[in-house]
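Alright, two takes on the same chain below, each alone as structure tokens: structure 1 and structure 2.
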Structure 1
Amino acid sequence: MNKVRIGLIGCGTVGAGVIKILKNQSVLFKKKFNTEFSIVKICDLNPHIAQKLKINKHLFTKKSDDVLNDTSIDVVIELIGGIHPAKEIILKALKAKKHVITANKAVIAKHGTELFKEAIKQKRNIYFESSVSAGVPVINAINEGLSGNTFNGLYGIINGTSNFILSEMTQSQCTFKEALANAQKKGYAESNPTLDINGMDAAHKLAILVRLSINKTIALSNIHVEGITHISHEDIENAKELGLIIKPLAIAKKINKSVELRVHPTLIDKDHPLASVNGVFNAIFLQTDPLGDILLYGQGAGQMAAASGVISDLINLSTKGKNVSRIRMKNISFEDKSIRIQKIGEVETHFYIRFMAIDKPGVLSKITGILGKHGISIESVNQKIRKKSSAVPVIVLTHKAKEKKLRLALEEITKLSVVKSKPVAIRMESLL
């Protein structure tokens, strides 16, 4: 029987889920994988955790060094999240010749290169399936199942909280505030939900996916990030009328040797499979060669979803980790030096723009004139009727336009006295 001795650092929601699965499935894991997992030490600052989880209190400690210095431990599971002290804990664990499993997207996105290097040096593995889309096996799919493919495009709904909020706003007319409170109650949101709604959580995950699929190390500043806070019911309804839906997408689009990296609410066709990914569900749509398009779909946040990913890392480690560690870590560290990152100003997309303008002769021509002056070609214009209001919504859909040209045009249009508020611009992607 293969024995894996575990040290758990951080025993909050996900940690409790991991303990639950290890307890409930121990017989199955012994039979199926010939492996016995035992948790030898748990580090957490909450003094009530042992009682809450009904676990022997002697397993608990408040000092991470008690776990890191225990020579009987094979693998450290880091579930405290954030950068510090998670990074130091992971480095210490590797130096102490322990494998590491983490669900920490921030630390892998920011310090992955350094951590992978240390793992190679120590001949140990870092597994991080739950860092992206919880238990949906996207990391494993890219590293193993799709390893014979090149990746040309990645369109991911990879933040459960923002997808939950936009879905609630679309389907049940919920306000943004109500939907966020609900996501927090269900345990989907980060302890600081700002990272979910401002797009940074998805940016961390995108950086990890790009490292593995397009083989490029990404600084977070290379990603153009926009959150979902400016999305209103009005734009959601307008999108519906156009046969579109707004989804919080993380995008990596490879065109020849350059890659566009962006996280923003995006209008997509209501018939694309990503359009029906609702609630906390995540989906990653990959354009690969030679396989073609593939969609990975599943619950991307929540206690048991995240715990499931950690368990799959444990099983991977126990069944093949020790022998393949150097090869695996070298594969995931591979860098394609020929890829360059496209500046956001140069990116070309279709846009939906909503202007709030005075309803009088000549207004439309002023707006469209400025767009034309900046070389932005219009696909359609629709002025909506609105009673008892001094300004009316004018919806413009553009053909593909360069971002920097569009920004200049919007700046100029905003200054027009007939335009009453800052225009709302949402990028559109045609994926069908």
Structure 2
Amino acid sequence: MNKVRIGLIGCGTVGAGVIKILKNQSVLFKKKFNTEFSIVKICDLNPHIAQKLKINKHLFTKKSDDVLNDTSIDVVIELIGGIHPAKEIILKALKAKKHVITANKAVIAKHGTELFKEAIKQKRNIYFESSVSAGVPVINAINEGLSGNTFNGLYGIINGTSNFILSEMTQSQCTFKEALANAQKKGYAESNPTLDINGMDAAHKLAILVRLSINKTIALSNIHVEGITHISHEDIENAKELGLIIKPLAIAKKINKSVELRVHPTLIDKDHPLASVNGVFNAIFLQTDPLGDILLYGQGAGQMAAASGVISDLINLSTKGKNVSRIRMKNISFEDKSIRIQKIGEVETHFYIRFMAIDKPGVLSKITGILGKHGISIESVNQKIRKKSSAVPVIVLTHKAKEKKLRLALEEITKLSVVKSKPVAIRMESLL
């Protein structure tokens, strides 16, 4: 019987889920994998957890060093989140010759290179499946199942909070504020949801996915990030009329030896599989060669979803030989330094633009004239009828246009006296 001794640091929602699975599935793990997992120590600042989880209080400590200095422990599971002290704990664990499993997207996105190098130096492994989409096995799929493919495009709904809010606004016709409140009530959003709704949570996850699929280390500053707070019901209804839907996408698109990276609300065709991903569910659409297109879909948040990803890592770590594990870390740390990161101004895409303009002759010609002057080719223009208002919505769809040129055009249009508010521009992606 293979015996694996575990030190758990951070016993909140996900940590409690890990304990439950290890307890409930212990017979399965012994029969199927000939492996017995045992938790040797649990570190958490909450002294009441032992009683709550009905676990021997002697297993508990408030000091992470009690876990890190225990020579009997084979693997440390870090579930405290954030950068510090998580980074220091992971480094100490590796230096103490322990493997590491983490669900910490921030520390892997920001300090992955340093941590991977230390793991290779110490001949140990870091697993982090739950850092991106909880139990959806996207990291394992990229590293192993799709390892013989090159990745040309990645489009991910990887923040459940943003997806829930836009889904609610679309299906229930509630306001952004009402949808956010509902997400918080259901436990899908934090009391401070900033990192979710401003796109930074998805940016951390995109950085990890790009590191694995395109072999490029990504600084968060190289990802163009926009949140969802500017999306209105008007845009959602306009999208429906056009046969489109707005989804919060993280996008990595490889073009020759360059890659464009962006996180923002995106208009996609209502018939694409990503369009039907609603609520807190996550999905990642991969364009690969030679396999082709593939979609990974599942619950991307929640106690048991995240805990399932941690357990998956634990089983992978314990059932693979040492040589396979060491090769894995070298593959993860490999980087293609020839790949260039495109600046957002260079990116070309289609745009949906909504202007609020005074309803009088010559307005449309002024707007389209400025767009034309900046090289923006127009696919269609639609002026909505609005009663009892001097300003009416003007909807413009463009052909592919460079971001930099579009921004210059919008700056000029905003200064027109006939335009009454800042234009709303939403990028469009054709994925069918």
Ligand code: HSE
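This is a predicted model, so every value here is computed, not measured. One-based numbering along structure 1's sequence throughout. Under this definition, the rigid core comprises the largest set of C-alpha atoms superposing within 1.5 Å between the forms.
One of the two isolated chains is the form predicted alone, namely structure 2. Annotation for Asp269: C-alpha shift under 2 angstroms between structures 1 and 2, rigid core superposed. Once both forms are overlaid on the rigid core, the distance between the two CA positions of Ala181 between structures 1 and 2 is 2 angstroms or more.
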